[in-house]
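Okay, here we've got a single chain as structure tokens, the form predicted on its own, with questions on binding and movement later.
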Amino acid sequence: MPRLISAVGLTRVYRRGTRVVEALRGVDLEVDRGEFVVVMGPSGGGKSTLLNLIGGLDRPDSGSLHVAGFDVGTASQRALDGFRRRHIGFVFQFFNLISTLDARDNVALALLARGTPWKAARRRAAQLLAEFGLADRVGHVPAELSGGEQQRVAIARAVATAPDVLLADEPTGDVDGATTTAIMDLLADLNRRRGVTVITVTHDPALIPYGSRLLTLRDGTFG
């Protein structure tokens, strides 16, 4: 069976004025379906860049990258947009919820983008939020939710379309210790119960026990 993610020799270079930043330097990575991979490393080590490449938000300067059989490195922008909708779920440190929409509609938008009719999307969103312990919060906008509640809404949005892989960029970086445990328990449950492949990047060693595999990314390379 082919790997869900296969990357060989990935490089990504950013130019900021006269300064050249080698965010990734020849990274190789293989991930199987059903894995929970934790990528540790310091800030600026290339972790977010790696997630952005896997999720089709950015392109490598060299090397090859295939995700769910899709060639991320050579695809057109239109194809990349479709790839993200079909295969990728994102969870970010600062939640990235739409401030004017309630929890249900924030989740429903992801389904709407996949072509689900609006009423059905809102119904499914409410079901997901109830599964995540937010049945009484579906009509609340982000400002009325705690940080942990906002992150659970963001996770519901990310998995609403049944993605092949869930990419979590410092998912507990803006919450306290008890909420960190609750969020990571939820991600672990999604991995075990639904078979969602999870890749989370973090600098927090408290997340290490949740992974089935630990990688360390420092200065643009795995070490």
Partner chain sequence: MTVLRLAWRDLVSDRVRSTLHIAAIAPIVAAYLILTAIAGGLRDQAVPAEAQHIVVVSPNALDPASGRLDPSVLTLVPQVGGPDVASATPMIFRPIRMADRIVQLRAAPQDTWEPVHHLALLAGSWPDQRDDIAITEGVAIAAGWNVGTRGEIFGTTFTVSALVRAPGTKFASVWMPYARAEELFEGMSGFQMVTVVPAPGADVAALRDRLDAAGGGRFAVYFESDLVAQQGARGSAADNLAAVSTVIGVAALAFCGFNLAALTLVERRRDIGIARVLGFAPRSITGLALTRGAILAVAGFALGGAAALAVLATAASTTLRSFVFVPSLPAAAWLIGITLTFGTGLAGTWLALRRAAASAAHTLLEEW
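Values in this document were obtained by computation on a predicted structure and should not be read as measured data. Positions refer to the first chain, counted from 1.
The discussion below concerns the form predicted in complex with its partner chain, not included here.
Every member of the trio Gln77, Leu112 and Arg122 reaches its partner chain in the predicted complex with some non-hydrogen atom inside 4.5 Å. Among heavy atoms of Lys47, none comes within 4.5 Å of its partner chain in the predicted complex. Interface residue remark: Asn96 is counted as part of the site for its partner chain in the predicted complex, having a heavy atom within 4.5 Å. Its partner chain is not shown here, but in the predicted complex it comes within 4.5 Å of a heavy atom of Asn52. Interface residue remark: Asp105 is counted as part of the site for its partner chain in the predicted complex, having a heavy atom within 4.5 Å.
Only one of 53-61, 36-44, 22-30, 181-189 places residue heavy atoms within 4.5 angstroms of its partner chain in the predicted complex, namely 53-61.
Checked against its partner chain in the predicted complex, the residues Glu144, Asp81, Asp71, Glu131 give one hit for a heavy atom within 4.5 Å, which is Asp81. Residue Arg16 is the only one in 15-30 with at least one heavy atom within 4.5 Å of its partner chain in the predicted complex.
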